[in-house]
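As structure tokens, one chain now follows by itself in the form predicted alone.
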């Protein structure tokens, strides 16, 4: 077969984490009993009028900022007309002519090589209700109707399944850290729809859209399959037609849904029940004032602090831990990150709780990291008092005193080491002959002689110093 060039554009719908819906006061809560978060506006009752939720604009402005989009100051909403059971008004309120954001980009890193994925536009719209299908019936849950969405549309500038998945992972990371969306694909709060075409030349081929994709990895699979399917059709001398297909996660194939609609089918026109919107500089600035630092900024500090790349990505992947670590950039980040990713995470996972549910205060964590950094306590000491740290109001000093850690001064430690070395000349001889493994045995004897009341790190340094003298 002749090689074809793949060209991909991606449309992503993300639900915004607002408390209320976009045009009604109904609560926007995922997982509630069906049809309990709805009212006459969501149901499309005749005569009911939409009222724009300003919180939606604030969230969308934050999304524009992190996606490097130019914000449209004057905009209006449009009616997108179509008949479908999940759309009782027979139209969806969206933005066609004046999207809130235009001409942005996201930088992805593909094995050390940076690439700019260009974003054509981002617009605000309302979600439809959820259709639940069974063998005999199709049911409608209006809890989702009117939930605010942003739709982010790239230019056709992606050329592989890998680039597509890297873009979606980066997009999800940015929106999650901006606090505008949960980006939970499994719950439908982030939905990805690639448009795939292939061509032997620089001219774009026939665009085919793929819907109903349940994970970022499946987006890559859908693109790979669809490109191969199109290539086989063209090689047989047949013609491709614009259409909408769905991804089947069982067969890992795409299946025809319908012939692609055109813009004329939707009969867009300005929404007459919502006034035109003007975004002032003051409103935009106020919307961005609590925007946190983005992941790439944090990565620079983590790298500067000596955190290993693999641990940096683990921290970024856990926003709660990364947000917590933001408060401690002036202490030893290696020690701090090891604690958070290691025993503290294990404790949280075992208890199925969050950091905010524990007694680990900022001052207690700072004190803990500094004492470990200065070797005033050992990792074993920390493990011994972990539960008390997380579950009581006692300070680190109080816990150290209660458990008898480090209550031996340097002169006593020196005496213990001297006694152990004098009592074990064979071990000393083996060490000096090159067998450094006996150091562990000697350390065990030192800890036994001190009844565990000496700092292991301090004792190890002193023991090695004596042996090397």
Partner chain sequence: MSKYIDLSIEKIHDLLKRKEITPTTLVLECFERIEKSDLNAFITLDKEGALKRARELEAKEVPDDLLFGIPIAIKDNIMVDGLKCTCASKMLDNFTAIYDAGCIDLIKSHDMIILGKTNMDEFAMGSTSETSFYGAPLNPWNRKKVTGGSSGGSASAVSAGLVPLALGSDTGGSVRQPSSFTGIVGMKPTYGRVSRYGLVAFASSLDQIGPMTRNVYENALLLNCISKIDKRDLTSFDTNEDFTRKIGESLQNFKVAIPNYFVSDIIDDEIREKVLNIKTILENNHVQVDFVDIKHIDKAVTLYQIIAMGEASSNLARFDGVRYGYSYPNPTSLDDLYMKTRRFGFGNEVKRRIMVGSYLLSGENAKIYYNKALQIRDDLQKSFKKVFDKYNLIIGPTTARCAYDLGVKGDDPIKSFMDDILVMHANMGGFPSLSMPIGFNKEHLPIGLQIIGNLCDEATIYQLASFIEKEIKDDFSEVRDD
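Here the structure is a predicted model, which means the values were calculated and not measured. Numbering follows the first chain given and starts at 1.
One more form of this protein, predicted together with the partner chain, exists but is not displayed; see below.
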property	result
Contacting member of 188, 85, 309, 342, with respect to the partner chain in the predicted bound form [4.5 Å, heavy atom]	85
In the predicted bound form, the residue from 229, 371, 207, 79 that sits within 4.5 Å of the partner chain by heavy atoms	79
Among 38-46, 426-434, 439-447, 396-404, the region lying within 4.5 Å of the partner chain in the predicted bound form by heavy atom distance	38-46
Residue 357 within 4.5 Å of the partner chain in the predicted bound form, heavy atoms	no
4.5 Å heavy atom contact, residue 375 to the partner chain in the predicted bound form	no
Touches the partner chain in the predicted bound form: residue 57 (any heavy atom, 4.5 Å)	no
Contact of residue 351 with the partner chain in the predicted bound form (heavy atom, 4.5 Å)	no
Stretch 270-294 - residues with a heavy atom within 4.5 Å of the partner chain in the predicted bound form	270, 272, 273, 274, 275
